[in-house]
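Only one chain is shown below, in structure tokens, and it's the form predicted on its own.
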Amino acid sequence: MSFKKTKSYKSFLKSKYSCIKCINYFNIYDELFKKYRNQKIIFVEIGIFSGGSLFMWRDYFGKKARIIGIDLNPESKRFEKYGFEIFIGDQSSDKFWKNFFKKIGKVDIVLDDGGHTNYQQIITTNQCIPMIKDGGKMVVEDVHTSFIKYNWYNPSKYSFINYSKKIIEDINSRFPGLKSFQFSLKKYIYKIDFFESIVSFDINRKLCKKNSFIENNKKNIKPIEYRNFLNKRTILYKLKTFFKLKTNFTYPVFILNAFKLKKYFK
């Protein structure tokens, strides 16, 4: 669907103040946020700029939504006269977030359209996710900065995208025996959606259960496991047959296949 047909784009056009968005974002907005429209939610946007997005989100979510803006610029307070709640503070400050959530409580959606540096995005994600209600979302915009050298000093081992990959490992550590992390969010994050320039985290504590196997206790035909069988056309199979070996050369095959996969990671 053309972005011009999305509800979020139509709200974007209605805003009385300047707002800059990427055209690919509008379809993503509609996909992520449609279930929250006309609901009584608390929506927090980091990065007010000229104020246009505040009006955009008010139109999109409807009159029941409580729209809160966060910015470093004290002049952003001017938009409070339109019924928005504005907080002036640094999104990379733990103290700011502690005070913010002490006053506001848990929220439904946090949209990070702030400074876009690795430090700002990572601190914000860590501080906000525990304070998002079940069924809510943490959405980080403009994550393409993780790949930009000028001004953003990326690619970096500590980019936001690499941090997001770490969270993939983190939530998979709910499976027994896998590595756990010191700064873990696995008890909050149920799902992660990756889009071009946007990463979205779905929060649902009730579904973040430690994993385990379960059987239905029905008839077991005891099937043969063929996963590690050697292909009869390979030299390893011929060596096994010639020397009458029991091994399936599992590790050498793994290394060989890993080498073959290298091209898919370029």
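Numbers follow the displayed sequence, beginning with 1. Values in this document were obtained by computation on a predicted structure and should not be read as measured data.
Absent from the display: the form predicted together with a small molecule. The rest refers to it.
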Any non-hydrogen atom of Ser146 within 4.5 angstroms of the small molecule in the predicted complex: no
The small molecule contact in the predicted complex: Ile20, any heavy atom under 4.5 Å: yes
Residue contact check: Gly89 to the small molecule in the predicted complex, 4.5 Å heavy atom: yes
Touches the small molecule in the predicted complex: Lys137 (any heavy atom, 4.5 Å): no
Listed residue that, although the small molecule is not shown, lies within 4.5 Å of it in the predicted complex (heavy atoms), from Asn154, Gln127, Gln120, Ser173: Gln120
Contact residue in the predicted complex, from Leu178, Leu72, Ile104, Ile168 (heavy atom within 4.5 Å of the small molecule): Leu72
Heavy atom distance at most 4.5 Å to the small molecule in the predicted complex, all of Thr6, Tyr60 and Gly62: no
In the predicted complex, segment of 110-118, 185-193, 146-154, 129-137 with a heavy atom within 4.5 Å of the small molecule: 110-118
